[in-house]
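Here we start with a single chain on its own, the form predicted on its own, put down as structure tokens.
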Amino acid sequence: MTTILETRSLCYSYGDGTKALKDVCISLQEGKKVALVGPNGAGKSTLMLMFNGILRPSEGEVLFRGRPMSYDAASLRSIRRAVGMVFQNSDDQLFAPTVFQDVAFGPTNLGYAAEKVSRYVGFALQYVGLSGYERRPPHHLSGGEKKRVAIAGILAMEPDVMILDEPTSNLDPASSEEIMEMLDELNYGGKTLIISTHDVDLAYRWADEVILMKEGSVVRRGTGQEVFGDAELIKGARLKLPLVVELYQELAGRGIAQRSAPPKNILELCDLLGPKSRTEEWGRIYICNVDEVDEKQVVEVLQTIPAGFRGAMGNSAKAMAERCGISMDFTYGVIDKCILKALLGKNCIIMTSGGMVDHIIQRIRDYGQESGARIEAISLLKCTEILK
């Protein structure tokens, strides 16, 4: 794996003498999803501000793609294009009279031509599901919509790394899940993602790597199972265990369940507790690429496929479902929820966009290899083929 960001003996003290970071040495791999967790004052936000040059180390250095970060104006402009940051409070990031002007701010400052700025803004807003919002005032938007605009403003600069400070803060559960699913989609497309969060359940199920911080230092890093498997360590950091880990430990203490590491999600927990299916027949999961069909064809496909449950992944699929007046059973955690239904012999269809089709198929195949479940994933390459 290629290291994209690295810190060496990184220290930082604020003006009042408070030591926010103490000898932080970490390397982050390209294409990974990383979660910084820890109590208030652990140094998470300070470290994130170091990653794109907003703060300069008191000691040590930050490296991007193996090169130490410089702090002259030209170097900072370059690093902030490559490493974009979305702040916890979207109101701190949105300041222009319209959504278009807000999203256009970054690429305009990079010197892009007006036509290119307009094209990139349009792409970014479409990606976050806000096409048609260009002329709206940002302060009239909901919290989730503001977060999407802030993300679009970073996307319009085509960064390699996206950093998000508490990305689900002050959002309702549905909006939170939609934001995290959007980040998953970006990661499938190759972007490196770094978040800070107090939500241990989110960090546990989402991140490839968890970095636990306390009092300005890194005290543990590893997979979610490695970090959160140490109950005493988590307690000492004034955090709680993820719900699925806590439940597993209670079950293991009663001799009901036992494995080398706690399950990472509900699907793994269900596999641990009982038979994979209550039927001899496995359900099928159909995948429909909405990039290749129009609204009429989608309706026809959904009426034809013998699917008992429907899910939509990604903003394009959700927008298509809304235009078609199609009710979705699942709009987040879609793959695992469809697998759970297939284990009970139920058919499902997942509407998604092109970039995620292969990921869905691979996830289902990987689960089958691990569990022995023979769930068939059927990609409708030209959705209309099912109608022939």
Ligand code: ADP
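A residue's number is simply how far along the shown sequence it sits, counting from 1. Bear in mind the structure is a predicted one, so any value in this text is a computation, not a measurement.
This next part talks about the form predicted in complex with the ligand, which is not shown.
* Pick from S45, Q29, N347, T331: which residue has any heavy atom within 4.5 angstroms of the ligand in the model of the complex? -> The option sitting close enough to the partner is S45.
* Asked: Which of these stretches, 36-44, 337-345, 317-325, 358-366, has heavy atoms within 4.5 Å of the ligand in the model of the complex?
  -> Among the listed stretches, the partner-contacting one is 36-44.
* Asked: Is T18 close to the ligand in the model of the complex, meaning a heavy atom pair under 4.5 Å apart or at it?
  -> Within the cut-off, so yes.
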